[in-house]
Ligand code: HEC
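Just one chain is shown here, as structure tokens, and it is the form predicted on its own.
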Amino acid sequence: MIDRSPRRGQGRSTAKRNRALGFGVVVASIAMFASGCVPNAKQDSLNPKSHYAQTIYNLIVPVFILGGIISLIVLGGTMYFSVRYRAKGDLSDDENIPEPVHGNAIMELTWTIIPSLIILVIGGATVITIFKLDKQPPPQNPHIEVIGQQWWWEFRYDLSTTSTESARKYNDIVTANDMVIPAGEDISLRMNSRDVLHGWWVPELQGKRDVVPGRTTMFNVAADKPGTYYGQCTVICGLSHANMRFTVVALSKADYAKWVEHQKQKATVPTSGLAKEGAALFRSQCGMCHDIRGIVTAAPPASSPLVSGAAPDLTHLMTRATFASGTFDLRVNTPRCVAKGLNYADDPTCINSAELRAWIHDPTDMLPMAAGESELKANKVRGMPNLNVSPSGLDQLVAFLETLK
């Protein structure tokens, strides 16, 4: 007869492995929990700053709490029964195998009805939340078209009060990376993509929304108070997906009205110095892709060297706090310069000229944007190419761009 009972040494070894495994699980759990406790996080969905985000928060917190309670009951029960009724003796002996329990109608109804009721309540609350989030803002509120492309966000404003979406033109204001809105108002967003699938998300203000090529979707956003809120593309969309960032800048209603009037104006053509030379160089080197209203009009999408057919409109570049997919600061990131808001360029010491110069010098060194061979052969590129601008040309272009206030 073969002895299948575990040896004493094997039992101790198994116990040590189990203790080590349990200790590892505890340490990993603590590390995962601690990784979510980041102070001053810029993208925190558990710190709602709008009624849309608060509506989502009011749904997910009870669900998390309920899920935690159920997990504790299930895991606690499993651990209790595994210890309390652990196997004893030789399991090869049929007499030591416990009798299976089945046919208990009360237990079966209990573990069927309770989960069904939980799912019904959560499902109903989710549907109610979806309808709240999809409620359309008043037609007189700002309407913004959000266009995702590799690898930046374009924002086009329609300032009309028409209630017919098809009548909106979305060309009153065109900007990139920084979306400016009035605080305390619901903003309607029309969203689409020029190339691949993207994902739009500002955790403190709203939930996520996929931006799909060839399909227009509607979305809403709001901010309760003036401030800067940080967003991110949430769908892998190519080499610079992780760098595809943006900000939502909420202004007071008075400041927003001033911003709108300023953005509607055309750029001023420089008439002297390096800036004048830079304007001429911009027309010849950069005007194929970039618009500056009042100075240069980019080539139509069909003849553009860009895969998406468009590059950021730079008309009032120096009223934006970031550039290059929202990755780099145009405004020097010091308390003094940040306090100046979007008027920071009135103080030349607050313009981040060094990083802007580095970007123009070799953008592909600062962000991964290389195109595939087939696109290069077709004279198509993704992102900003290296134009091999001379040092003197860099001085001229930076001087010119700094005038775009």
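Keep in mind that what you see is a predicted model, and the values were worked out from it rather than measured. Throughout, we count residues from 1 along the sequence that is shown.
There is another form of this protein, the form predicted in complex with ligand HEC, and it is not shown here; the text below is about that form.
- Screening M191, I295, V180, C286 for any heavy atom within 4.5 Å of ligand HEC in the predicted complex leaves a single hit, C286.
- With the partner removed from view, the residue among T319, T247, T315, S325 that has a non-hydrogen atom within 4.5 Å of ligand HEC in the predicted complex turns out to be S325.
- Of the candidate stretches 338-346, 359-367, 48-56, 65-73, only 359-367 has residues with heavy atoms within 4.5 Å of ligand HEC in the predicted complex.
- Looking at G207, you'd find every heavy atom of it more than 4.5 angstroms from ligand HEC in the predicted complex.
- Shown alone here, A176 lies within 4.5 Å of ligand HEC in the predicted complex, counting heavy atoms only.
- Among residues of the shown chain, H290 is one whose heavy atoms approach ligand HEC to within 4.5 Å in the predicted complex.
- With a 4.5 Å cutoff on heavy atoms, A222 does not count as touching ligand HEC in the predicted complex; it lies far away.
- In the predicted complex, W151, W152 are the residues of 134-167 with at least one heavy atom within 4.5 Å of ligand HEC, listed from first to last.
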